[in-house]
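Only one chain is included here, represented as structure tokens and corresponding to the form predicted on its own.
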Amino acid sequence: MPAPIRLRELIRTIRTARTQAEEREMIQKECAAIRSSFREEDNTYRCRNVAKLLYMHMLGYPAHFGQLECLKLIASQKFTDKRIGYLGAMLLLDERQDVHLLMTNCIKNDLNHSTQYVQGLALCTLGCMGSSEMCRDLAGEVEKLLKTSNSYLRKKAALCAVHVIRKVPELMEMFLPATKNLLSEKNHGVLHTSVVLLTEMCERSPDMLTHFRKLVPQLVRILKNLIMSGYSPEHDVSGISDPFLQVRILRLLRILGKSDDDSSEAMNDILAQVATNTETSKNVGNAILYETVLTIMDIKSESGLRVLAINILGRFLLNNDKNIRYVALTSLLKTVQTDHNAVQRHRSTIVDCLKDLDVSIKRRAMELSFALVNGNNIRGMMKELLYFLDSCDPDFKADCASGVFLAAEKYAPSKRWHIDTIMRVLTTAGSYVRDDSVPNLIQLITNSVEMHAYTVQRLYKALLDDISQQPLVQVASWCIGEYGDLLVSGQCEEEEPIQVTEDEVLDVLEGLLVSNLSAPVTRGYSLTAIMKLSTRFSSVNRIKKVVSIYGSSIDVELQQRAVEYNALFKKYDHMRPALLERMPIMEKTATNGPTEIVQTNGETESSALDSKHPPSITQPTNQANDLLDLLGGNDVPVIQTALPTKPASAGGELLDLLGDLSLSGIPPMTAYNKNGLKIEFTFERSNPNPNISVITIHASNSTEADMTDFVFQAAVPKTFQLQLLSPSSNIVPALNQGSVTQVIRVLNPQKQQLRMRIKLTYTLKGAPVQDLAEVNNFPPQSWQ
């Protein structure tokens, strides 16, 4: 049989193929020749044939028939055969195929071979594709090589140990004695792989994390030597000594210093040195600085060091490299909640990133800009964000508009500014605002009583300019229907009133009904607005004609409205003024029972509770068990709370501003105090509706560990209605260093004694805790 062609000739031949079909034909022909050679047990050219097969595998062609030939090469005594055999095993075999178990004995023999390069091949293969069975059988050999003095083998053994630990975590303790001397090695390759091994062990076991914290001073010393050492051609990368090792050490320090004061204190100085001494002109230095920033933010570092880290991210924002700018924005977004003031210093740079051409950078800059908005900078930030809303891509407009609405609702300096801002959004990006924005904006306008004339005038002007923005048209139609009389009378004091006649207003609304730009929902708003104006305008006959026309509309919704409105004119005209009077101020509350959640611009908000018509349910006779059994059984401890009493003063009960008196005149109470968790209730009355009691819970934690996943739930008897608003956090800080607050609103129309069943769930030191309690001794002022 003629000698098969060499690998180099095969590559050259395949590259001459002009079409995919021609290439496939060449590969099939060569595979047939290789199969024939394998069947004839040709040992002379087995190595060459497997090498060609690996090249075909890299091109995406099937090469599984060469698996057993790889095992034969591994069993060979020649190094060249072993090298190709082990390479083939790493590429063609994995733990899903039983064939790989046949290699176990060969690898074991080669791990004990007298030649370090053969041992290295065996370690690489085991570390690449060893199954859990192989790792269990060969872990002892790997551990021996980890203790050898040969640095070439130690670095490969350390990486192999990482794979063994990932496959069989219970073997971790076997490698613990071998790790003692790894960090004292001078060879950078061994140091690097040792740090990788220690990192893997710390991430997988809390016990190992505690054990290795004593190595922090040694790691700090290694890092200090790296940044202080002179030029070393062997390890130098763009003027920095072994940046790969520096990055690995910084990551390990981040894990060791997290939630540990002593370790964090030990590494504060070296982190400051790395942050100030690292060259930033090259990407290598930026990589080290980024890891340094992440480490500073994760450990319990000093406040000055955290400011330094945020300033580094601020410098990254000025970098020409888009990747570095993106990384900086993402990191600042994570830290803005904990270091808000430090991030605020870079506000102008962050806002400049909104003008970046890169879409990813613009999105991150927009999210970070909204996170920076507060009561002090709301005007300036909104100006920039509204300018961005004007010019940004359509993909950004919906999120940006929602963000503006939320920020304006939270920090608006005045009602007029709030309404002006919303008007600007509606006129520039109205078609992109979310559907739930319209009812929210209507509620805002309704509640701003003194701004009704100004708002309806602004919306009318906007409607004359543009009727293509459907949310704008819907809000404007609703407002004109409610406050059209204010528009016509010209009562606006905030700006110069415009002269509008009733016919002009009706012309605009009728134009919306016939416009091709109007959606069916918008036409419904317009028709209802026209109907509402029948009690505000004198042009009743004209309105009757418009309504009667749409009684035969092909739009079923519009037709139904028109028919009902016609009935109002004909049969129930005496009721029409009362039915079409102005809407009252809207209040967001919730029904009793499980709280109904409504999505509003990305945030959850409790659904509205109709406080106008409370259900008249008779009081059950059994006073002890009439609480809704939403939170568990009846065997709940009843907490008799002690109300704080104050000695009466002769001078008229001056408020003790430094004491714990409630400003509402209702004394606070302790509702729950057990296992270090204390729940206190403070009370106030809801001004618009005296039947609503507003209770604020304050949860504090006196234990040494944070209580995470904290959830407070409450249930009341059926004659009450209850709404739970969102809590300020789900983590109750340890040692009374802060508290979680949550607002409860209780509607008590019959002025009955308030009783409540509460359910508390949280996680303390990894263990879930759940408790039920009943609170019956509310202060009489809170419910009378």
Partner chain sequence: MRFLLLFNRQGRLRLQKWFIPLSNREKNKIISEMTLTVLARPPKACSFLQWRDLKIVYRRYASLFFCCGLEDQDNELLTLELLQRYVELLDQYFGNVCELDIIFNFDKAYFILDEFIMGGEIQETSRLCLARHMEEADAFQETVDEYEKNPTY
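Numbering follows the first chain given and starts at 1. This is a predicted model, so every value here is computed, not measured.
Although not depicted, the form predicted in complex with the partner chain is the subject of the following passage.
Interface residue remark: Arg18 is not counted as part of the site for the partner chain in the model of the complex, having no heavy atom within 4.5 Å. Although the partner is absent here, His188 sits close enough that one of its heavy atoms falls within 4.5 Å of the partner chain in the model of the complex. By the criterion of a heavy atom within 4.5 Å, Ser76 is counted among the residues contacting the partner chain in the model of the complex. Contact check for Tyr152: a heavy atom falls within 4.5 Å of the partner chain in the model of the complex.
Not one of Asp399, Val433 and Leu459 places a heavy atom within 4.5 Å of the partner chain in the model of the complex.
The partner is not drawn, yet in the model of the complex one stretch among 470 to 478, 82 to 90, 672 to 680, 258 to 266 has residues with heavy atoms inside 4.5 Å of the partner chain: 82 to 90. Between the options Arg364, Arg536, Arg523, His346, the residue in contact with the partner chain in the model of the complex by a heavy atom within 4.5 angstroms is Arg364. Between the partner chain and the residues Arg755, Lys718, Lys759, His57, the one pair within 4.5 Å by heavy atoms in the model of the complex involves His57.
Contact annotation for 282 to 315: residues with any non-hydrogen atom within 4.5 angstroms of the partner chain in the model of the complex are Asn283, Val284, Asn286, Ala287, Tyr290, Glu291, listed in sequence order.
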